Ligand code: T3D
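Shown below, as structure tokens, is a lone chain in the form predicted on its own; questions about how it binds or moves come after it.
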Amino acid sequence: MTSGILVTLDEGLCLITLNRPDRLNAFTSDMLNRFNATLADAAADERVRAVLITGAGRGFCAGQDLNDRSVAPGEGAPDLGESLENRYNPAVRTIRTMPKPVVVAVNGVAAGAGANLALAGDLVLAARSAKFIQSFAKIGLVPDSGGTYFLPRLVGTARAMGLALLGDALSAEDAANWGLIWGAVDDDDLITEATAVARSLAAGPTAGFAKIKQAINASGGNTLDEQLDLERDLQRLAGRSRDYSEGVAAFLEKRAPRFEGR
């Protein structure tokens, strides 16, 4: 444990737990630095084949800890762009480009940057009691950490605008129904279900998953022709992988595949 981050690695699954439960796991600069380092390590470590991110205690993440960058009367205004450029944005980029699946288990309130870091994940499960809050407008700020990118793509412009301008809490059930997250589950089952999903991915064809992430994440900015070309190129590489050979062999031999993630 360092700076509010817990990390464990077991059978290819890297579990990252935000661990400042007394502050609803709100981020400090030190905690964000450690979070970024942990994500980078997980992305580079060949032993890691899937990542699961969750929060300790009764909340997932309340976003930025405002006490960590409070400004006394008479002092200059903080450079929030610096915080995004050097801490939050690298985390979002690493989650999205990591060549292995990232599952997020939202166990309580996910507010501000905490909500948008969760939405950066590949599969997001939330406890039924969880809430997603775009709290930025309440203090005169703009949704960051990918919020203005993810929200309209996931739920459409009208709902994205409402969430951003009003800053109202969105229940996990509504988040699932709107397509903001993969699913809402009973509170007592969240970690069990999220871990089962993550372990299943950790045992799967990791290199193939990486190409799926690459293709889907690229689709929003590509024309149909560009996307078809990308699918062709990625499929060519996937077809040469050991996991594809193993998957076909397992299918023909009517047995469970033993993927290596290569």
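What you see is a predicted model, and the numbers here were worked out from it, not measured in a lab. The numbering used is simple: start at 1 and walk along the sequence shown.
As for the form predicted together with the ligand, it is not shown, yet the points below apply to it.
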Task: 4.5 Å heavy atom contact, residue 66 to the ligand in the predicted complex - done: yes
- [ ] Answer with yes or no whether residue 10 is in contact with the ligand in the predicted complex, where contact means some heavy atom within 4.5 Å.
- [x] no
Open item on the list: Against the ligand in the predicted complex, would residue 24 count as a contact residue? Criterion: heavy atoms within 4.5 Å.
Closed with: yes
Task: Contact of residue 135 with the ligand in the predicted complex (heavy atom, 4.5 Å) - done: yes
Task: Partner-proximal stretch of 75-83, 184-192, 99-107, 158-166 relative to the ligand in the predicted complex, 4.5 angstroms, heavy atom - done: 75-83
Task: Residue (of 111, 92, 170, 151) lying close to the ligand in the predicted complex, criterion heavy atoms within 4.5 Å - done: 111
- [ ] Have a look at 42, 31, 201, 62 for me and say which one sits with a heavy atom within 4.5 Å of the ligand in the predicted complex.
- [x] 62
Task: in the predicted complex, residues of 136-169 near the ligand [heavy atom within 4.5 Å] - done: 136, 139, 141, 144
